[in-house]
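First come two forms of one protein chain, each written alone as structure tokens, so that there is a structure 1 and a structure 2.
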Structure 1
């Protein structure tokens, strides 16, 4: 039993696209042209192109045409530490935290990784709000639901492309005790982790990342320039950071971060134990 016509046509177009038989800058043949050349109705052509669209291969622009979607060079974010400490063993949580804290995707460390990979990062100034803790945030920060928390939201770009959306939540407690910069909309140049260490003797000792994938919501579709039809899901990276300070030797959560990364241009790397030096290149999948 052969596949239905629209699927056969879609497969054929896919094959033609992937072997560069179309000009990448110019639109594909129009629906009317394809309707003629494949001797089917325009509806059937549209079904075929809708498939390609759902596969993320093409992008339809009303009034203009159907174009081949540009494939991104994936950007790799290292979630564990990625800078080897010279002259010290590789011990997360040990005493010699460098400027980037434990590294891996945090503000300062993330920016450094972008630079180290020879790409151009642009992190907009954070938008700061006092919010009531959602159930999720209150559970992670161990504050009662509805408590005020500091929310710092930031848009990040790489090579001019929208790259990630990040929101960090801090207990109000921290600003009350003197970390007042958390309330200012500007960047914290040295990185929030180092700042909290300097001001409150709050030292990050570890973090837990959770990775999941879901469909992009309205805001995310708009910011990342994704078309809903293309069905590009987003990574959700939830990080709970733990620290100790003078008052407590038992680690407690002091920051909860939710980051959103479109899956068409992002990958993650985790190094555990002793692995070769150097930044990991993207995986071919």
Structure 2
């Protein structure tokens, strides 16, 4: 059974968009023009445009028309821990940051995978605050709601484009025990995990990721340059890191990180078991 006409038209328009037939700076042909050229009803054209919108290829701008949506080369973040292979100089390993880069690392250490992929990473100096733990933070760090926690918020870029936002939360007692650099608005160059290991002998032994999807809020729309009517959701990666130290062999949460990634420029990979060497390439979706 053939596809419905609107889907056939959408597929044809997709091919024309991907072959650069249309000027990305100008609106696509109007519904009336497409209706005439395809000899179908206006409702069929609207269904085709809605499908293109759902595929993330176009965006409707009220009063201006339908435009090709800016396409990014997706960056693939490896969420599972990955080690530097013997003889390899281009892969980060756990000696730099014992969780994977953009998935939960902070500062320069978080961009090892970006560098390995031949792309340029940049981050702004973190905004450091002492906050009262929200319900979500208190549950992840196992502290009472309203307890003081350290938050470190960073804006992160790849190839000059806004790529992700990250906020990491730490219990105040880590600073009280000597990890005072957590309170400074500067990069922890070796990575927070290694820093805490050096200063407090706190060793990360694992982490738990939760991934959710929601609409972008006003701050995220502005930072990522998203139109509110473009219907581009954001991924929310919630990572709770667990560690042990000299005083306890039972893993306890010492860092909770919330990272926000717009879905139009990010993909994620989780490796399990014996998989081929090398970095996973973006999937064509």
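Please read all numbers here as calculations on a predicted model, not as lab measurements. Superpose the two forms; the largest set of C-alphas matching within 1.5 Å is the rigid core. Residue numbers count along the first chain shown, from 1.
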Looking at both copies of this chain, which one is the form predicted in complex with the DNA? 1
Treating the chain as two rigid parts, note the angle in degrees by which the smaller turns against the larger between structures 1 and 2. 33
Core-superposed CA shift of residue 57 between structures 1 and 2, in Å, is 3.6
